[in-house]
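The chain that follows stands alone, in the form predicted alone, written as structure tokens.
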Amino acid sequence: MHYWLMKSEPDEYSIDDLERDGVEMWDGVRNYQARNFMRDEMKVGDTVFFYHSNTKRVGIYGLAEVASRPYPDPTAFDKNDKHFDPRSKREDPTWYLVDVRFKQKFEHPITLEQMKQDKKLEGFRLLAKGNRLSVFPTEERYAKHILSLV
């Protein structure tokens, strides 16, 4: 099993939305490296840390799991969707996604500030300067420590 961190702005799609929906496609990723992680490396059952960005209390709000194999992102083909990409073709898709399934909402988020001050998280990719990826792998040692903070 692998661990992943997936970022979402809560006004776009929140942990509460995922809890309500149960399973949802993680659409709209338009970064090649993040796409490659989802397309090439994610496996059904992998653990996902659900991270809220662009909010007062930035941090990890809960857990999800990868619920599907990767498949082409249908929003890339929909001219009425904000994630439409005219270069992506159904016969040769550019963008892929996975479905995620709600697992747990934390009673209290593990905030970015809390993680920055935790010596055991030194080197964690989320805390690296310039890290802008919305989807990335999380090393097992960091994942296990984060889980111990819940």
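Because the structure is predicted, anything quoted here is derived from the model rather than measured. All residue numbers refer to positions in the sequence shown, first residue = 1.
What comes next is about the form predicted in complex with the DNA, which is not displayed.
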Please check if Y32 has a heavy atom lying within 4.5 Å of any heavy atom of the DNA in the model of the complex.
yes
Spell out, yes or no, whether the shortest heavy atom distance between F37 and the DNA in the model of the complex is within 4.5 Å.
no
Spell out, yes or no, whether the shortest heavy atom distance between K116 and the DNA in the model of the complex is within 4.5 Å.
yes
How about V58: is it within 4.5 Å of the DNA in the model of the complex, going by heavy atoms?
yes
Within 85 to 108, which residues have a heavy atom closer than or equal to 4.5 Å from the DNA in the model of the complex?
R87
